[in-house]
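Below you'll find only one chain, the form predicted on its own, shown as structure tokens.
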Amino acid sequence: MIEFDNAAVVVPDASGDGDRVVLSPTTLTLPEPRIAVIGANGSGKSTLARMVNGLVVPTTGTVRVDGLDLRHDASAVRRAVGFCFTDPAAQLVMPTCVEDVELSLRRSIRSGAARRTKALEILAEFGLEAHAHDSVHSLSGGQKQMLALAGVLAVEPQVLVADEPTTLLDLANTRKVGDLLLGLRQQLLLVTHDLELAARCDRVLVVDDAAVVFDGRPEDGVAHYRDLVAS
């Protein structure tokens, strides 16, 4: 379960004149398996998501994941929360697919042979077994996103935060990645511009002008966001 208790983010304004509110004080309890966060670029939705695993630390207030306080248990929170970026290239750092998954397993599996075996099994689960020894740069956009997810999920986090994971994908790969995300056993916090994907979640948050302005049923949340855009 994810909890925000009056969590806010304030940063110095680029002009040097005062501070800028990136996210207003936010209090939420999020127990649902699949939660979508939607809103315009720059609204604060990614900031909200990045607080869940400590990529952004709240200026005030607290964030907890399964009872772990981000301020006091930062390492444990990072182990519990996996993060998937919009551009998988930000996460793929090894030369080949199997080596990239092995990198994620280096702490949990000490034996090199056992780590290689497990990495190959994980690649097969994601439909990438035929690309195990291929360069990560030779993959399609959809395959790269699948590999990034494979690496994040290899360590079996309790929560996955996905920040616009389908933005760079074509329709077929958007559906493939979306289906995979919504079928995970992990709790999912999904930041997305894909309103069809958001509507398939259990709960939707709409963020606008650095604040959560809607929290409720997916169909109502999507409608609320459409109204915001129209106005």
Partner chain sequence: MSQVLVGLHRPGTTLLHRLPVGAKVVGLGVFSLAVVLVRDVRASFVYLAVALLLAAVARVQLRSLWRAARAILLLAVFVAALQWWWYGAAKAIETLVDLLALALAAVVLSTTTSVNSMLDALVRWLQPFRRVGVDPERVALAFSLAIGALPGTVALAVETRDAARARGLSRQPRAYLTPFVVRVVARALETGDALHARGITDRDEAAGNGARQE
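Numbering follows the first chain given and starts at 1. In this text the structure is predicted, and so the values were computed from the model without any measurement.
Keep in mind that the form predicted together with the partner chain is not shown, yet the notes after this line are about it.
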item: Complete contact of Glu32, Arg217 and Tyr225 with the partner chain in the predicted bound form (any heavy atom, 4.5 Å); value: no
item: Selected contact from Arg64, Arg203, Arg50, Lys176, since only one has a non-hydrogen atom within 4.5 angstroms of the partner chain in the predicted bound form; value: Arg50
item: Heavy atom of Gly127 within 4.5 Å of the partner chain in the predicted bound form; value: no
item: Val93, heavy atom within 4.5 angstroms of the partner chain in the predicted bound form; value: yes
item: Residue contact check: Ala132 to the partner chain in the predicted bound form, 4.5 Å heavy atom; value: no
item: Heavy atom of Ser75 within 4.5 Å of the partner chain in the predicted bound form; value: yes
item: Contacts with the partner chain in the predicted bound form - residues in 99 to 117 whose heavy atoms fall within 4.5 Å; value: Asp100, Leu103, Ser104, Arg106, Arg107
